[in-house]
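We've got the same protein chain twice here, in two forms, each standing alone as structure tokens: structure 1 and structure 2.
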Structure 1
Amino acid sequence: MSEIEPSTSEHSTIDLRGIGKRYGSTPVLESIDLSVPAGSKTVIVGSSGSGKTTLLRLLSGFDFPDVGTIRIGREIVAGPGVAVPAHRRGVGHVAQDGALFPHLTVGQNVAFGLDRHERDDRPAIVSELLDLVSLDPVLASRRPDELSGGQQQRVALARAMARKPSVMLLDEPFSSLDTGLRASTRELVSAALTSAGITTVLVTHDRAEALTFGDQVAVLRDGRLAQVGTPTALYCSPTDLATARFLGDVVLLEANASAGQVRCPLGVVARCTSLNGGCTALFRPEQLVIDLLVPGVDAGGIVARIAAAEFQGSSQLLTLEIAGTSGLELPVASGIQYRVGDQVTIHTIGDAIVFPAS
């Protein structure tokens, strides 16, 4: 038996152009353009009702777009006069609940996707696939209900990989797992897909999952792609406030742009030549550093008073009174126990992201 080797074929690229889908008179997806490079992982993230599931169904071949084209490698699989069914697309699919066959063993579940000519090598191939998803091959004789939720999801991935797909589609496969298990399972699945060189599209509503899993993140909102880019680019340079809020905590301050500078209660926080007048300055919480004010020591920064402090375990939510604001809420680590009435200094790291006033 030959080893499972990473795929380098250009046939695993994905390209969507002008995709639109309606159910009755209701538009679900509009003008979707998205490219997924071969061997990479793209995450489509959005809230419930944004169109994520519909987009995944169009990629898998369980449904077809009303307009636009979908290409996998060199082949157009959906478009005007073209509707390649799911079983002919070379696409693997892992559902939210794994969808394992309860009456079959783990090994039988994994072997279900093997071609007939591979049946003589079934035990060896099954062992290799289980090892690829970091599962002990001795688990092959167990039933799915004897495994943890994370193990079941990895078995489902191994079964999908048995068909040697050029593309893997993951439909919120970690959402039913508890927090700790979700993170570890996600890391193992990501490593397995990268090792196999399989082009992957993950759909999720979890922003942390999107930022940690994907090489590329596509934010879907109201049926349209709001922004596509690397996780770092989307987190640090969101194109609109809605995307910024969706991808992480924000601190918003009223600001004013004049003579190329953006000024807010924290001072000059950015340079901007495209805006003039009222605007909004956005910081991520980690860009704002606070320290207790030491009497008689000029530490610089902006002086503020703590008006409220809410303990939240690993963090505290502070409400800071600063001249020119109605109160600034800022989450900070719980290493220092701040008290109401304490005076602190605030320093900024890097520039604020500036948006026109809404």
Structure 2
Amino acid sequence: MSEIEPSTSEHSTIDLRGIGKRYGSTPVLESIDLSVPAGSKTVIVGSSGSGKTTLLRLLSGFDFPDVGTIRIGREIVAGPGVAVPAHRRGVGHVAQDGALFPHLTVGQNVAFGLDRHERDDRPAIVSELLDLVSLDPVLASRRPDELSGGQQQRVALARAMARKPSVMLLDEPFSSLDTGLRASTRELVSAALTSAGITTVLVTHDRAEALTFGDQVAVLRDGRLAQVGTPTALYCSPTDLATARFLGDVVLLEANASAGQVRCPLGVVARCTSLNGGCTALFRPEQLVIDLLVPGVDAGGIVARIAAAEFQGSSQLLTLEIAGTSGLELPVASGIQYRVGDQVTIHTIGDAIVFPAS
């Protein structure tokens, strides 16, 4: 592994300050501040058109910000009067579908960025890198189009790792893969990067990918960072409704805050001193547990009637009628087949997240 050990971690921190970028008169990125700790994995997640690919291109040096400063390690690579181009940044980059050189073999692709003095060891380095991304070294003599999509992505990663970069940028590298292949490729790539200690920035529109891949997640919306934090923090404590919705399913209830308590048809669901009056209580579906009501047994909780049930395979979407609501839609596991008219009880787990009424 000595060949592909990364540089020391102190060079790996990425720091963006006040980044702004326009295409013509359209602002694409505005006031982006972001720090990526050395050796960590940060995911920039956003819907299409949110500016995430542009942000990654600024980091790779394919494009330059109009305002703001980008620092990689100790070096300012973009800023007032500074514009270090891609080939001088020493930053690895894996494009959406790998962007392998179609005229070269897999081995030649992997060896493309190697220095001249490494020429003699080329076959050994190539096999080592292919091994690192869990590819059989015999594939080195194949053409890229003879590989599957997942294999191509791993070759692209091996090619980028050959330069021993301290920073790796991944531009939706799993989005063109089938669902099953996507998860396994993601795990392999993640493991390879972790073992090499490379600071990684991944761009994606897939929320599941964002929450599983990164140590830190940055939600990008309309060119601005909406929230940055750990996956748990973002999922459990989103700072606004849009972020909450983007990262997972939500159940929203009209609520009322008074005397430090937030009350909704499910009872007192949170404590909140900062709000007063109408507000919105947000639950993740897994926070609401329902049980069939057994007549004569007081199981506690709130009683509701099932007004509609839609079978969706592993889950079913129930519409619940609770006194005081206009029907509450809740996805639940398909283990129990509920029928329209069934009475159920609802228990909550943990507090709701409360937002001012929209």
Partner chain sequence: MTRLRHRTPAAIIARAAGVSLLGLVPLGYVVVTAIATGAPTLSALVFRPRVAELLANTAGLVLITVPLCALVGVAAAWLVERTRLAGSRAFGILLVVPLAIPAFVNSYGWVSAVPSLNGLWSGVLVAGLSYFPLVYLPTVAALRRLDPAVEESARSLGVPPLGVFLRVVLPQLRLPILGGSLIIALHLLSEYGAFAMIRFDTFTTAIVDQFRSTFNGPAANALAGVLVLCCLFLLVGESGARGGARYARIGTGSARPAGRTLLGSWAPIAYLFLGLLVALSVIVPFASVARWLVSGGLAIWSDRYLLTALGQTIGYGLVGALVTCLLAFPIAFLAVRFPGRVARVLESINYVTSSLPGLVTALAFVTVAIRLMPALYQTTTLVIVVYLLMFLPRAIVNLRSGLAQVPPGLEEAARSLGRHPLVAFSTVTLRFVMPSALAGASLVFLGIVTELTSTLLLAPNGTRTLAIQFWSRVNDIDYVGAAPYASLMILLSLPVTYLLFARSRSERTAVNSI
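Numbers given to residues start at 1 and step along the sequence of structure 1. For the two forms, the rigid core is made up of the largest set of C-alpha atoms that agree within 1.5 Å on superposition. All figures in this text were calculated on a predicted structure; none of them were measured in a lab.
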Practice prompt. Eyeball the pair and call it: which is the form predicted in complex with its partner chain?
Written response: 2
Discussion item. How about Arg142 - superposed on the rigid core, does its CA move between the two structures by 2 Å or more?
Written reply: yes
